[in-house]
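First, one chain by itself in structure tokens, the form predicted alone.
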């Protein structure tokens, strides 16, 4: 079967494999499968006994991954669910797992294919990873009260203009319902200087996308539930793309690490935790200059990794 789909190289693929794959015959979870790039790299570094379970909320991404990885289809199980739901979808033979990967970025396909995740083209204001879920970005923009909109743009988009933006949206929706990305873009444009327009629009889109998909809470839930599935010595790798995500991952590893900074007399606090983590390195890794040149999408990526001990 031929496909015209264009596939980007997975972000920090070499580093992902280096820190994730420690047991070539193990079971690994790619919790954010996307179009299957990382999954393919992982499979190529496993033995014949090793296999991978791919999860994604977006069924369109799963279909793309299946087409990309047809040659190794017998080594991959696909689950239509979020990584934070994966534990509820696994069979007994899928446990324990040797490792899991979370690449928290949005795929170029999702940005380009009319899902309403960005303001580059005019599309319905959707932003759902799972098209079967109820809440859309249009629902938020048209129904949420002023203070809730302000909170979303301030906390999730880190926008200093969150208040005025929320007011402008509330005023605009009194005239007519905001249905498309271009309608919202027209409202937002005046709040950013020309040289900051693309950045500002991206932050606004990020804020709405996080709210629609409950992303930050899902990261917290997913990290705990998936770590609980790891075998002793199992590893996880997380690639994040903005400070909100990275802060959650950093604090999670610190909280569950022996190196958490607790004084010796509080060691018993560590003993009560359901598991412990060992960071595989101290500071987050970032892409090489060569990778950023070849793949500008990778420029903001940060990779953290830990092992269950």
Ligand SMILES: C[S@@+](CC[C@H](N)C(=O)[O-])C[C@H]1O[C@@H](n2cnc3c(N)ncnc32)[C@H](O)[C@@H]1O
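Residue numbers count along the first chain shown, from 1. None of these values were measured; they are calculated from a predicted model.
What comes next is about the form predicted in complex with the ligand, which does not appear here.
K.L.:
To test your reading of this chain, name the stretch in 179 to 187, 194 to 202, 163 to 171, 82 to 90 whose heavy atoms come within 4.5 Å of the ligand in the predicted complex.
P.N.:
That would be stretch 82 to 90.
K.L.:
Taking 32, 38 and 105 as a possible spot, do all three reach the ligand in the predicted complex with a heavy atom inside 4.5 Å?
P.N.:
All three within 4.5 Å in the predicted complex.
K.L.:
At 4.5 Å between heavy atoms, is residue 119 in contact with the ligand in the predicted complex?
P.N.:
So residue 119 does not count as contacting the ligand.
K.L.:
Give a yes or no for residue 129: in the predicted complex, does one of its heavy atoms lie within 4.5 Å of a heavy atom belonging to the ligand?
P.N.:
Close contact exists here: in the predicted complex, residue 129 approaches the ligand to within 4.5 Å, heavy atoms only.
K.L.:
Are any of the heavy atoms in residue 287 no more than 4.5 Å from a heavy atom of the ligand in the predicted complex?
P.N.:
No.
K.L.:
How about residue 218 - does it come within 4.5 Å of the ligand in the predicted complex, if we only consider non-hydrogen atoms?
P.N.:
Judged by the heavy-atom cut-off of 4.5 Å, residue 218 is in contact with the ligand in the predicted complex.
K.L.:
Any residue of 50 to 83 with a heavy atom within 4.5 Å of the ligand in the predicted complex counts; write them all down in order.
P.N.:
Result: 55, 56, 57, 58, 61, 81, 82, 83.
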